[in-house]
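Next up is one chain by itself, shown in structure tokens, the form predicted on its own.
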């Protein structure tokens, strides 16, 4: 597992304790991106994902792979919902409870963090109105089982949404030669159509796949170019996107 004893949110390529590549609604190309803009891009990714759930006040949501938990806390606060952040790393859960202690106290019964696997959710059948994940399914070994678990815990009419990177189609590409975390197996790049099919096979309906790469890759590459990782393999994400080997998607479905 990539996370655990290592706090990736402390790296310069991230900010504000978030860990995602960001959804960018605009950053002028003639000046450097600010840390505040970088942080806002990561918060906006959460908003984009959770808004697809069409949550109502008081809805119960489950975040898969919550990490340090600042996204879950923001969602609980901004959307007026109950959020349980799920992670299988004890270290990450400890950080999440520590970093978000004030939010947990200020949102009684609306924000919590629990240990569990996305392939065996510690949640009862038909228990939640929404399940979401932000840039973490690339770490999951069995997406078909994850889809089945999502279908199991969602109430009828409940929704699922995730944002993350996938391959546009099946086929051999040089991604592993260009992206270190793919070569090491930390990130697994699967065809997005396969995951969409997994959701359908799990009984979910209205499965939709939307590319949002134009809001992610060019801006993230600009940000990386401003950090100490400017000459690293991290610059190859944009290259892979421009060659059609990878893209960033919003995938949604309804039970």
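Numbering follows the first chain given and starts at 1. As the structure is a computational prediction, the values presented were derived from the model and not from experiment.
Keep in mind that the form predicted in complex with a small molecule is not shown, yet the notes after this line are about it.
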**Q.** residue 46: touches the small molecule in the predicted complex, heavy atom cutoff 4.5 angstroms
**A.** yes
**Q.** Exercise: residue 66 in contact with the small molecule in the predicted complex, heavy atom 4.5 Å
**A.** yes
Q) Looking in the predicted complex, any heavy atom of residue 73 within 4.5 Å of the small molecule? A) no
(Q) Can you tell me if residue 100 lies within 4.5 angstroms of the small molecule in the predicted complex, counting non-hydrogen atoms only? (A) no
Q | Partner-proximal stretch of 133 to 141, 172 to 180, 148 to 156, 105 to 113 relative to the small molecule in the predicted complex, 4.5 angstroms, heavy atom | A | 133 to 141
